[in-house]
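What follows is one chain in structure tokens, specifically the form predicted alone.
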Amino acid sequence: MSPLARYALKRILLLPVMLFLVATFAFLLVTVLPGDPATLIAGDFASKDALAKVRADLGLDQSLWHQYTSYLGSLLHGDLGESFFTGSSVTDEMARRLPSSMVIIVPSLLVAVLLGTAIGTLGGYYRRKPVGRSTSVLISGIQGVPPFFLAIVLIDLLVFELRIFPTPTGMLYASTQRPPERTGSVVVDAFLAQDWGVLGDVAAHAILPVASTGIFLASYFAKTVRTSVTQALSTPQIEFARGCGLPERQVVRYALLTSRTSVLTYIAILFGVMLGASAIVEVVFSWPGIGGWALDGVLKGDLPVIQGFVVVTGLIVIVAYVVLDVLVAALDPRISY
């Protein structure tokens, strides 16, 4: 077995341990949250008997250890529990909403990487010229504008003033007929049914959420690429390449290659951040993703929803980081196995 394969195997074998820690953290997290779910469900003026009945129905009258072991047992069977308020399966809700969130998260990261790399390369290559200083101002300005504010500005300008994009009322037009339900996710069902009209509506409604999020994230990639390119252009290797008469575009390409590890690291980190940080953007655009759904669960004190969100997103982030470690090790010869 090659050193890289052994390195990847070690990371994969750690997945169950890390998932167990995430599940334990999710359980302990909700136990320290303020408020009583039984009171939220039964009402502030409910009698003690009514509150006791609600706690018994929810299993909150059991010991903390019993709740913990039951929780882990359910996780082993893929059961994330049921919402205290709606009674719907958390597993089904996650499966239905996660693809919708990915419609925003993945293209946003793609926009951020392409735009951030372009801005960062200009800033690093022309660092002592007005163009380079302008990119620094641009990066600082983008970082100072939160995504939800940028989303509101884009909605006001492009939806209500210029009427270019559809109103932010979800993924589809009100007149659009939904595809036959198979998985519960509009995106997945439309893809399985090859309903390109529905997928087109989803894409049209996703442009503004993707733009507002991708532009904000681009500032982080731009800063990283600018620093990497600036350092690379001052190395002896680049001076040697110029001395050999290589064209400047080839020199810049070599400088960009040195920043690939940093860019990959930021992609994985921001991917994890976006799973939760997209909540505000989803609320602004009425997007049926997991972020807005989890935020609503937090505000209501819906413990199974909070636990399910933490466990599922934690698993996704852990897998993303394992893939990142293996990719970095494969691309960077300086990594020690």
Partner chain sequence: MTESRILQVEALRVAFETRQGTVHAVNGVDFDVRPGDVLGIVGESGCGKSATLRAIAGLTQPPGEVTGGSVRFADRELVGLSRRSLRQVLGKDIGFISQSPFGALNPILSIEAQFRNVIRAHRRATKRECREIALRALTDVGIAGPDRVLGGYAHQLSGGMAQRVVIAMAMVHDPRLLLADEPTTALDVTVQRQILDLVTGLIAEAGRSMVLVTHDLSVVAQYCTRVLVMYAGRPVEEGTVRQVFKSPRHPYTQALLAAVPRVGEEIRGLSGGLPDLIDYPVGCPYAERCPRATALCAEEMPAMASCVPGRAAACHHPLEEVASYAAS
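Positions refer to the first chain, counted from 1. What you are looking at is a predicted structure, and each value in this text was computed from that prediction instead of being measured.
Separately, the form predicted in complex with its partner chain exists; it is not shown, and the next lines address it.
Q: Note which of L246, A95, A204, A118 lies within 4.5 Å of its partner chain in the predicted bound form, where distance is taken over heavy atoms; exactly one does.
A: Partner contact (heavy atom, 4.5 Å) among the options: L246.
Q: Here the chain is shown alone; which of R182, R128, R163, H77 has a heavy atom within 4.5 Å of its partner chain in the predicted bound form?
A: None of the others qualify; the residue that does is R128.
Q: For Y254, is any heavy atom within 4.5 Å of its partner chain in the predicted bound form, or not?
A: Because a heavy atom of Y254 falls inside 4.5 Å of its partner chain in the predicted bound form, the answer is yes.
Q: Can you tell me whether E239 touches its partner chain? I mean in the predicted bound form, with a 4.5 angstroms heavy atom cut-off.
A: Yes, contact at 4.5 Å.
Q: Is I155 part of the interface with its partner chain in the predicted bound form - any heavy atom within 4.5 Å?
A: Contact with its partner chain, no.
Q: Report whether the minimum heavy atom distance between T227 and its partner chain in the predicted bound form is within 4.5 Å.
A: Judged by the heavy-atom cut-off of 4.5 Å, T227 is well away from its partner chain in the predicted bound form.
Q: With the partner absent here, would V22, L72 and S88 each sit within 4.5 Å of its partner chain in the predicted bound form, counting heavy atoms only?
A: No, none of V22, L72 and S88 comes within 4.5 Å of its partner chain in the predicted bound form.
Q: If contact means any heavy atom within 4.5 Å, which of 137-145, 98-106, 255-263, 210-218 contacts its partner chain in the predicted bound form?
A: Result for this chain: 255-263.
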